[in-house]
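Here we start with a single chain on its own, the form predicted alone, put down as structure tokens.
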């Protein structure tokens, strides 16, 4: 039997929904299972419906699924909202005394006194979350020893008593689930050997990539969904010699990054739509002064504040065109946690090699979802700081020209105060030495120099990844975080006798037009799948290659795609 289990934990924000999900996910990971977990929460500190889904599988998974096998309901609203998605044979776990829920003949359920068990065993009702996680594992017949190890790791920093109390509460919840397992609930899971993989969110992986890339300065203003990047880096800054600054606003943060990079260190910021709007002028400043700048743009539903804790892919064309005037840039769009790690490394290398802004586009779905990731091989991390004068060269550079004309458009970089190299930079148009000019001829030469970098940048950008299937009639095309759902949709179609190739972009600009034309220029129907209203990737493909989409699937309700949603949409479009 192929294991593919969906556990949903729902309740109000502040009830411990994420804590239960985290413990269950980590316990399953230690038993050798593949995991994908996502979060759905409202834009408020407490209250409002929120849930975490933990998908446990025997094969790699990278997206959520809709049908629920186990529904852990911390309030009655959770049952009301999610009962329709419960699989036949699935179970609802709830505390009847706390939620007011009553048994229903048509539904398999476990009524467990979570708070009473927590209070009786530990004297702390907050440990009802541990009781709930343990009861879930007890129902499945999973090893309590694995759970106990996870609890020791999870609560070890709070002291021995906290660990012991959680284990006592967990043992009681586990026993209750085992002894009172409802008739009709057949699912069982056995632990295996740990895979050694890491369970990280997309933004945690990206932050690890930032550290591996040698970034030394981060400035930002907290904004969902990129705040966890700043928090993660701030918590480890001292260890890695990284300075993390919370600026007074996004304008200041972006300008601090430009200043730090100008002075010679790798620097980045992270923000979302409204914050990125404020950073646009600094982005242009980096373009004009040829300053390496890395920006993480975590997309969420707009316009304006929109749905601040929801996902969307509505900023692609904004990121491509943001800024006054024209200047080179690169745009990366990682598809999962591992991709986010390596995108961060590549972004810093491109930014310094080509002395220009580089954007990493993520979204709420990628950033806050948890993926399994093989520990990165740090021996493969290459730091390329581009053409920088050594101290010896700078000492001799009395005739230094910061913006010297070169064939590739890249001028050797020196830092202020380095040797005898006089570094002059200006946001106005300038000559090779950095001094302001207004002559048309010099303006044209300097623009041509800057834009020549696009030729080199284009060679660095990889074409889309392709999962080809023989005799395919369809190309399913996406970018960024939609990768998991689209890939699984392709697999479902194959079981239905419909072969579809999957084409996924993880690097978007300079647009890999030649590679895309080869892939999409055949007889297959091209179907572009995007989390936005207007079809921004579809427009980009058409403008850069002339290839029009045959159909499109758009989703803009603030929720991520699932494979089932895509397959159903294809049916509704008459494409199957």
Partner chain sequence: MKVDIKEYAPGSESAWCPGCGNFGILRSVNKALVGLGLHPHQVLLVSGIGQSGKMPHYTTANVFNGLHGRPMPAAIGAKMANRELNVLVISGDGDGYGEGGNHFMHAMNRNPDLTYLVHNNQVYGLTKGQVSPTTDAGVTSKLNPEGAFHALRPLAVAVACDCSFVARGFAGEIDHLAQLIEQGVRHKGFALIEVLQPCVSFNKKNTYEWYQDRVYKLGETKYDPTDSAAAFQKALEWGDRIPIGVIYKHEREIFEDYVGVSQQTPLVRQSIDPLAVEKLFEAFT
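None of these values were measured; they are calculated from a predicted model. Numbering follows the first chain given and starts at 1.
What follows is about the form predicted in complex with its partner chain, which we do not show.
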> Which listed residue (494, 80, 387, 281) meets the criterion of a heavy atom within 4.5 Å of its partner chain in the predicted bound form?
Replying inline: 281
>> Please identify the residue among 443, 473, 468, 420 with any heavy atom within 4.5 Å of its partner chain in the predicted bound form.
In response: 420
> Going by a heavy atom distance of 4.5 Å, is residue 325 a contact of its partner chain in the predicted bound form?
Replying inline: no
> So, in the predicted bound form, is residue 204 in contact with its partner chain at a 4.5 angstroms heavy atom limit?
Replying inline: yes
> Quick one: is residue 196 in contact with its partner chain in the predicted bound form, heavy atoms, 4.5 Å cut-off?
Replying inline: yes
>> Using a 4.5 angstroms cut-off on non-hydrogen atoms, would residue 186 count as touching its partner chain in the predicted bound form?
In response: no
> Out of 370-378, 68-76, 296-304, 129-137, where are the residues with a heavy atom within 4.5 Å of its partner chain in the predicted bound form?
Replying inline: 370-378
> Are all three residues 401, 451 and 542 in contact with its partner chain in the predicted bound form, where contact means a non-hydrogen atom within 4.5 Å?
Replying inline: no
> Does anything in 220-255 come within 4.5 Å of its partner chain in the predicted bound form by heavy atoms, and if so which residues, in order?
Replying inline: 232, 236, 237, 238, 239, 240, 241, 242, 243, 245, 246, 247, 248, 249, 251, 252, 255
